[in-house]
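Have a look below at one chain only, the form predicted alone, in structure tokens format.
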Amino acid sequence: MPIKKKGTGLTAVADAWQLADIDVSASYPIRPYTAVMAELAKRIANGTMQCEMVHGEGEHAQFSIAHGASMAGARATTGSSGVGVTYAFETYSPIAGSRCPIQALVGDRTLDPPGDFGSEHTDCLTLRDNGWIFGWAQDAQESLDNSLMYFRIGEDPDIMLPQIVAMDGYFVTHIAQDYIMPDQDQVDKFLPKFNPKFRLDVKNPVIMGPQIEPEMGPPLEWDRHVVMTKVKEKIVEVTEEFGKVFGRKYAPFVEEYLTEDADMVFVLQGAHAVTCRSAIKYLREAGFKIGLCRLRWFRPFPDTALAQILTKFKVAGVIDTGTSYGAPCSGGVLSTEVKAAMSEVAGKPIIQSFTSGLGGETITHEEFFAMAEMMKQTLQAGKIIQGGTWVNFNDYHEGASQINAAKHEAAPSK
């Protein structure tokens, strides 16, 4: 029977890895992801989980261990945070290029400087062009569910790509929440045993990861491109099947909230969506026709799904919770990708770039109110007033008093 539990996103992924019967996990400590490895070590020591755990001397070694284990046919996992993610950078393209579907958990953390404990999406986004598939979970339940779906998608014989289960540091990695741990029979029905077509085997030798001649490079790169285009179909298929097996239904690519009559929408990814939904309720009470579009995937980027959805609105405020210094229009990676995806779309909305939630800061109700007020001014002007806005630094509004008044008036009845 499924079990209702209280735990963090890290505990939830540890549950997913145990249910998936992983063979090898490679560890090296860095906050805030570390607790998932501590949880695995405890379960292995207590005899409740059968898994080979290997402790690396650093993140580069850690990901290399998982890479080698996958080449040998193991279902392998690892993970990291912040500068640990960037320290292992050399390994990412070889892992994806050799089609080894390891799974990594990344508990986002701000890069140095300032390098503080809090979440920021920059660490994951630095490796967006290396051939891994990934997206952000907004809570513990989605962390567990994404882990299982990612295994199923990444290990599919037609895909064979590594995956990142990304979650916001502290907000998801360390705040305890209720979630459902599924039954082992359900997982076994949904997730087949990992059985790669090729593996390192002394009885059946194969060459994996060799150096090649220059003329062999373009076909290999083309193949990597083609397989990534196939992932979207697999996401739709697996998400639908997941709903049937476990009873939890997700939008394959973009989750909408209160968008039916909206003129404006926030576009974001990750755990700040939880606060955003709460802020939208107050904004609605203050007369703002506004909703939310939350991306569930970043790679592959959901360009087609996003184009179909965003044309319903007049203004889309894209919120970056990471940095890309020198990017177009003073935006971040997410706003740049959204604008690229919408560039050829007829009837597209005005796309406005915001940067907020850096350094692990919460995006507060007041900050969502301020962004909504600036989006309203954009709507009224019918054009972008300011290319990119870093919330609390170069805002162009007179405050959100009307919205705060509605919030305080509604508060006693909530």
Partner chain sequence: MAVAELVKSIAHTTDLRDTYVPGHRTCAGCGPALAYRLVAKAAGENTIFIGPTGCMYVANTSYACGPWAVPWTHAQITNGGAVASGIAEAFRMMIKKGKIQDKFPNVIVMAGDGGCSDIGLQAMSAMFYRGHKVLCVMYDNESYANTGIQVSPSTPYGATTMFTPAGPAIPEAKKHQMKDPMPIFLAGGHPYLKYGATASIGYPIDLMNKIRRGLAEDGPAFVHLHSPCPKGWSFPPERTIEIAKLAVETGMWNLYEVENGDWAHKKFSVMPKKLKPVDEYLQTQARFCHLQPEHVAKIQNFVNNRAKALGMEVPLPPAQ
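Numbering follows the first chain given and starts at 1. Everything numeric here is computed off the predicted structure, so don't read it as measured data.
The form predicted together with the partner chain is left out here; the points below concern that form.
Using heavy atoms only and a 4.5 Å cut-off, determine which of Ala176, Ala340, Val226, Ile212 is in contact with the partner chain in the model of the complex. Filtering the options by heavy-atom distance leaves Ile212.
Between the options Ile384, Val345, Ala41, Val54, which residue brings a heavy atom to within 4.5 Å of the partner chain in the model of the complex? None of the others qualify; the residue that does is Val54.
In the model of the complex, do Asp23, Ile65 and Thr91 all reach within 4.5 Å of the partner chain through at least one heavy atom apiece? Each of the three qualifies.
Give a yes or no for Thr48: in the model of the complex, does one of its heavy atoms lie within 4.5 Å of a heavy atom belonging to the partner chain? The answer is no: Thr48 has no heavy atom within 4.5 Å of the partner chain.
Look up in the model of the complex whether Pro205 has a non-hydrogen atom within 4.5 angstroms of the partner chain, and give yes or no. Heavy-atom contact with the partner chain at 4.5 Å: present for Pro205.
Closest heavy atom of Met71 to the partner chain in the model of the complex, within 4.5 Å or not? Although the partner chain is absent here, Met71 would touch it in the model of the complex, with heavy atoms inside 4.5 Å.
Close approach of Lys312 to the partner chain in the model of the complex, 4.5 Å, heavy atom: No, Lys312 sits far enough from the partner chain in the model of the complex that none of its heavy atoms falls within 4.5 Å.
Residues in which of 55-63, 356-364, 384-392, 31-39 have heavy atoms within 4.5 Å of the partner chain in the model of the complex? After filtering at 4.5 Å, what remains is 55-63.
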